[in-house]
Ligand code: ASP
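Next up: a single chain in structure tokens, the form predicted on its own.
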């Protein structure tokens, strides 16, 4: 029998109605699963549920929590066929993206899921999300970090939460779904990463000072200057369209150039949900390329933030970080599949 390790970190999926509103209650989820007949079905894999001692609302997630999850997976890696991480929906896309970079040479499925309505409620989406994630973790053999929600399996570092109230809460705008679950489970193996030959290696995520700045008409150079004060090491610049800024704002451009010259890694990420940054398309974007800003290509905001944070936490050389930000490390860039692109290897000692 296949077995799946389920790490319950907190979030809506296991909350119970209290006098103060919905809140995580220790032991509630495990007891609820025991009395549901569908979870006693022999077609399900063996499930080992581990409830974290501190159940956390996902809005309170920090890199240290990612380290705890990564080490939990590592400690149980040889004993189980797959892993499911039950997580709150608000920051699930950030966590799935972060873990994708932290778990190098992953050869088993690690699937994040949660729900919009608690398991305790009649109309909850928790049952379907939980069962689907467990079945995929046990049988799909997809060697990467994924996010499963509302019958769809996505690459974990290609997702964004796009709906705060609907059951289809997530989208992967720039990369197709890895699997869909209906009457049958359909997995697109051509889109999944290649199973690595080397053993799993965990890279802890350090705490790094980075920021994000959303471009808008009339943005002040002084605002940017404040963002780029020490000890900031990186900035995700959310630009217009294909990666454009108000290039006639000479003071703004000068602040960006000065930051790049000082070793601050700035990544150009489009405000658009779908599409890619192309800094060669317009003069308003090419100026960023000339002064040293990194092309974020088609990565989602969550991906740019977690990848930049991770790289800066494990390497101090800004030139190496700039180079690695532009390389496909875990399938986070478009076309990163078995048939079209191989993932890049990080240099020794990074």
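Keep in mind that this is a model prediction, so the values were computed, not measured. Numbering follows the first chain given and starts at 1.
Keep in mind that the form predicted in complex with aspartic acid (ASP) is missing from the display, and what follows is about it.
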What is the one choice in 289, 57, 46, 30 with a heavy atom within 4.5 Å of aspartic acid (ASP) in the model of the complex? 57
Interface check vs aspartic acid (ASP) in the model of the complex: of 116, 140, 174, 160, the one with a heavy atom inside 4.5 Å is 116
Quick check for you: of 58 to 66, 300 to 308, 316 to 324, 32 to 40, which stretch puts a non-hydrogen atom within 4.5 Å of aspartic acid (ASP) in the model of the complex? 58 to 66
Taking heavy atoms and a 4.5 Å cut-off, does residue 11 contact aspartic acid (ASP) in the model of the complex? yes
Residue 135 versus aspartic acid (ASP), in the model of the complex: is there a non-hydrogen atom within 4.5 Å? no
Residue 82 near aspartic acid (ASP) in the model of the complex, any heavy atom under 4.5 Å? no
Even though aspartic acid (ASP) is not shown here, does residue 244 get within 4.5 Å of it in the model of the complex, heavy atoms only? no
With the partner left out here, which residues of 191 to 211 have a non-hydrogen atom within 4.5 Å of aspartic acid (ASP) in the model of the complex? none
